[in-house]
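Below sits a lone chain in structure tokens, taken as the form predicted on its own.
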């Protein structure tokens, strides 16, 4: 067996083998003659110890249970009610087995044909494994995709239940990104579809999970305002914000709140509403850069280039070392 084989194939996907007892008792398995069948990617002369290490890596990479070989049945044909020496490890009947072989070849190609050809690499070099994408779960898709599929299948209650279940099982590990921005993205996608009640419910769940984070509460408020805007108009939405603000935690009503809502309106072609929202933002936060920048863009879009330049020039008079404003002024003058 070539030196370093185990490290090259560690945590690769499951292939067929006989003598799987090496996964549970690798020391005892060394004394038994191994006869492996239907190996198409791993070398046919692989030792039981090396094969056992590969299989254990597979189990860890996909988060499968090692106990009594239960995780092996994800790909291999067998039954927990029957002795393991009766299982048909060589069978390709399960789609997961056939898929695993393709994935193993892919991982091998990435490491040997692509990463190995990089001009410079970190020392010691990093290798792609099952865990790189799966991170301890059989479904490698990111959290946002899994939750959106649950939403499409069963609505907001199903999506929220799925989130609770996944967070309860995987929080603190590598499997899923449970930061607040994930649910914000899903809620915004629901709003884009016009499902504002669902969007607000998802954003409210996010607030429940992160009760002290202003950055999480802000999208929830924005969605409430957008729903009101769609039903009753921009003035009603701005009035609602005035009513809510005293009850909101410090930092929730920031320049980014109305700025995000204003630009959502702009991207939807609702320019008068966008202008009203961004104008109010500038009134509330005249000393902050973002409202000034947005107003400059809005004025330029309205064909009022001189007014846009004046906004930036006035800002730079107060903040002469503000590189972003200076660059924008240069760009607008050139445009």
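Every value quoted in this text rests on a predicted model; they were computed, and no experiment measured them. Positions refer to the first chain, counted from 1.
Same protein, other form: the form predicted in complex with heme C (HEC), not shown, and the subject of what follows.
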Heme C (HEC) isn't shown here, but in the predicted bound form which of 282, 276, 298, 42 has a heavy atom within 4.5 Å of it? 42
Go through 136, 78, 71, 256 and name the one with a heavy atom inside 4.5 Å of heme C (HEC) in the predicted bound form. 71
Find out whether any non-hydrogen atom of residue 186 is located within 4.5 angstroms of heme C (HEC) in the predicted bound form, and reply yes or no. no
Decide whether residue 308 counts as a contact residue for heme C (HEC) in the predicted bound form under a heavy atom distance cut-off of 4.5 Å. no
Does any part of residue 96 reach within 4.5 Å of heme C (HEC) in the predicted bound form? Heavy atoms only, please. yes
Heavy atom of residue 101 within 4.5 Å of heme C (HEC) in the predicted bound form: yes
Report the stretch among 236 to 244, 165 to 173, 82 to 90, 220 to 228 that approaches heme C (HEC) in the predicted bound form to within 4.5 Å, counting heavy atoms only. 82 to 90
37, 107 and 140: each with a heavy atom within 4.5 Å of heme C (HEC) in the predicted bound form? yes
Does anything in 244 to 259 come within 4.5 Å of heme C (HEC) in the predicted bound form by heavy atoms, and if so which residues, in order? none
